[in-house]
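The chain below stands alone and is given as structure tokens, in the form predicted on its own.
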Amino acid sequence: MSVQPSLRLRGLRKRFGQRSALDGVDLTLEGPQIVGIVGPDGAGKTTLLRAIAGLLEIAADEASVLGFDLRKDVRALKAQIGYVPQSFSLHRDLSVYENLRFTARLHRLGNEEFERRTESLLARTGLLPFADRPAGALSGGMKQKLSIANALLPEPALLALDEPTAGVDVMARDEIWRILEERRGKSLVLISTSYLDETEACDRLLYLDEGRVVAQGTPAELRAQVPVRLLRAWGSDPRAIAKAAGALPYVVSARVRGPFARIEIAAEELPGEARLYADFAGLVPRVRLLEPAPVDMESALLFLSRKQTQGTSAP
């Protein structure tokens, strides 16, 4: 295993026929960490993960993953990477234990080491009572946990997961994230996700759109780039408040969030405090409380999305 997992991409490109899926990806990552890959549908997230895992033929000016060149023979690289695709890809007719045994043989793990790692992984994922159950008979959450356990079995230097928590229940999501956080100091973990709370849990984020990395940084760094002011408007009918607030000329967006309306205002169009509070006091239905809120990842990702839609690059 690499002592210091690393990834260096420059001008990474991938086409499927006439369609460009990756269009000059530049990316450098060093050391163990959790990196979230976010962006709209069709942005190239799955293609990027598959390329990094050595599953696609690519073109690039530079493409080094764990010291291996993606443009050359990547068989040795695959031995150091754990990959979890969106759809369940393990053998459905084999049991949980048999699937892990099959992977252990591919990686030439000795019996003693296999048993040690398997017992630990099954215990951590809650799959130990289901070791003899056919993989195809598992629930969606258990299938995902088996996929992750299978990817972790060879103790990879790099773990790539494509929407691993999509469609699973809250308990399974929490268990999956506990497993990933255990790997934070040992592996470079790349995970694509559409869940805002998961983006906050990452050490670093990449915002991908139209096959390019258009923004990257820690969650705090991306939030700091957002030129909006965020407010919460409380009242008896937050849905109606959001609709009324959305008609104000300086409001970028207004949405219901449980008992309050979440209001975004463009910083360059922010009115004075007196006008702001007067405008909201005059809304129908009445706003009982207007309070500032810290900029969150929803604001950051919406800002990046709007900037791309307008045809400009995020800072």
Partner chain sequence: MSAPIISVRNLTKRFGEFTAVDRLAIDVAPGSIFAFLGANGSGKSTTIRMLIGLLRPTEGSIEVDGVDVIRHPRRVRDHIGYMGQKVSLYPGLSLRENVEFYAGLHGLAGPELEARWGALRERFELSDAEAERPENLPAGLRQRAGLALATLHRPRVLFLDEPTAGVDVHSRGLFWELIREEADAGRTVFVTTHFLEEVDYCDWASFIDEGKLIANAVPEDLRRRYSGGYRVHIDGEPAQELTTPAIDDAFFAELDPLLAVRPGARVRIDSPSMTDVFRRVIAESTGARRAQP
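Keep in mind that what you see is a predicted model, and the values were worked out from it rather than measured. Residue numbers count along the first chain shown, from 1.
Unshown form predicted in complex with the partner chain; subsequent notes refer to it.
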4.5 angstroms heavy atom contact with the partner chain in the predicted bound form for Leu206: no
The partner chain contact in the predicted bound form: Gly140, any heavy atom under 4.5 Å: yes
4.5 angstroms heavy atom contact with the partner chain in the predicted bound form for Arg117: no
Exercise: Leu301 in contact with the partner chain in the predicted bound form, heavy atom 4.5 Å: yes
Every residue of Arg13, Gly67 and Pro219 near the partner chain in the predicted bound form, heavy atom within 4.5 Å: no
Glu268, Glu30, Glu57, Glu273 - the one with a heavy atom within 4.5 Å of the partner chain in the predicted bound form: Glu273
Among the candidates Ala224, Leu196, Ala76, Leu94, the residue which, in the predicted bound form, approaches the partner chain to within 4.5 Å (heavy atoms): Leu196
Listed range touching the partner chain, judged in the predicted bound form by heavy atoms within 4.5 Å, from 234-242, 147-155, 120-128, 99-107: 234-242
Contact set, 248-262 vs the partner chain in the predicted bound form - heavy atom within 4.5 angstroms: Arg255, Val256, Arg257, Gly258, Pro259, Phe260
